[in-house]
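The chain below stands alone, shown as structure tokens; this is the form predicted on its own.
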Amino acid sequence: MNSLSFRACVALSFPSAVFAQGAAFQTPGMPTMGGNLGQATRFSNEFNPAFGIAIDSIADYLDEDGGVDGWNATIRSGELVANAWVDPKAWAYIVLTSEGEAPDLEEAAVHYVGLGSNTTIRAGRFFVDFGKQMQAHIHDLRTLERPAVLRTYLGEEVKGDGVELDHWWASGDETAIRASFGVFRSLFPEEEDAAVAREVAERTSLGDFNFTARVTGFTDVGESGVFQLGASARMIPDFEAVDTGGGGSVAGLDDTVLGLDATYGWSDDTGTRKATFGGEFLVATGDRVDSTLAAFDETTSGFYVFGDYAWTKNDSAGVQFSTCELPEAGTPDLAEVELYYTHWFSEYHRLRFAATQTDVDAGSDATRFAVQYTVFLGSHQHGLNW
């Protein structure tokens, strides 16, 4: 087994571990957060939690056809993280976030590794294991926003209360494979101010719980490359659409999203210059409900592709293109392209410049220029999957 595969297997044996001299091995396309993830990790505070704070702020200019144009500046989110080993076979973490209001419990989960180093049981509230981006918090992305197809079919962020079984194994000397299966009460994202809200019953039969499944693997390509391929599913077999204005509801609906993702990563011998290319194709099928509570069955699809190049450990730039059919009557198309440049002053704070163009059939096109400044204090590690 060569050095890349060896490091990968070590990292996977200790989910979210941080090596003494830098971040744990990450497969191509996973969020990168500079060198060390913070001043401490859960291993440096053996009997006490490691704490961390992330502050994500954005200043931008928006030019939207028929919409509100102009400048804006805001702190997009503040995040408090704590994690620690709670016994020799389990570690736990909690993530609180705020957008200027009362803190929200973003994640709170326990990882049990007592079944062996290759198997993890995760229980609590956590982000879904779908593709290569949905596990990451928005300020940890390589881009300003998640790709349009993910936001449309899955949501900005999708977390659920449930349990997940995760197992990985080696296949030969150069390949590793991981599979996961999760069961949740509800996987619909929070939809504030929605005219029609999608709700899952608080108590239901076992078959009507929400489910996720993922299988992915990666293999070394030559001396400097890694290729990864994965497939994901998010299934909501039964939900109800409710008119938030008191106009009734429609029950017995279902929603499923399937995805296929692939990434290729390359780095030079020093690990300074890196290039990453990848994409993901999604299919969303099931029941859709318009503002009048009229339900219709629709299958839509979309994808995103990206290319990212880092010429130093602190500087990188890239482009991301995403397009999808909107799950609405007539399935209008949406297309979005984002160009970005990222500079890490150190492992503790980052500056990003981004330009985004969004085109919508029979809708409002928009151009956005943004500056993102993110600060990390202390430990910053949630448990990213590959």
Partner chain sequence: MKTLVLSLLVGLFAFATDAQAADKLKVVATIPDLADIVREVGGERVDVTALTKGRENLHLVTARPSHLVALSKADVFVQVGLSLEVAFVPGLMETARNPRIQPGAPGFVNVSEGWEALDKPANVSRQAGDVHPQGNPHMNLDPRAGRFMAERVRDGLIRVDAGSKELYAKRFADYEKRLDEAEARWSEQRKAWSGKKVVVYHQEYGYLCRACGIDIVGSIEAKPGIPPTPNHLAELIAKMKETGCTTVLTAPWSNDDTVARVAEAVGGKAVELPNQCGGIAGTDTWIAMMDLVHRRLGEALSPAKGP
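Positions refer to the first chain, counted from 1. Everything numeric here is computed off the predicted structure, so don't read it as measured data.
Beyond what is shown, the protein has a form predicted in complex with the partner chain; the following relates to that form.
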| property | result |
| --- | --- |
| Any non-hydrogen atom of residue 210 within 4.5 angstroms of the partner chain in the predicted complex | no |
| Non-hydrogen atom contact residue 246 with the partner chain in the predicted complex at 4.5 angstroms | no |
| The partner chain contact at residue 150 in the predicted complex, heavy atom, 4.5 Å | no |
| Contact test in the predicted complex: residue 303 vs the partner chain, heavy atoms, 4.5 Å | no |
| Residue (of 100, 271, 88, 252) lying close to the partner chain in the predicted complex, criterion heavy atoms within 4.5 Å | 271 |
| Single option in 119, 256, 74, 204 placed near the partner chain in the predicted complex, where near means a heavy atom within 4.5 Å | 119 |
| Partner-facing stretch of 179 to 187, 238 to 246, 303 to 311, 263 to 271, counted where any non-hydrogen atom is within 4.5 angstroms of the partner chain in the predicted complex | 263 to 271 |
| Non-hydrogen atom within 4.5 Å of the partner chain in the predicted complex for each of 275, 324 and 332 | no |
| Contacts with the partner chain in the predicted complex, stretch 209 to 228 (heavy atom within 4.5 Å) | 218, 219, 220, 221, 222, 223, 224, 225, 226 |
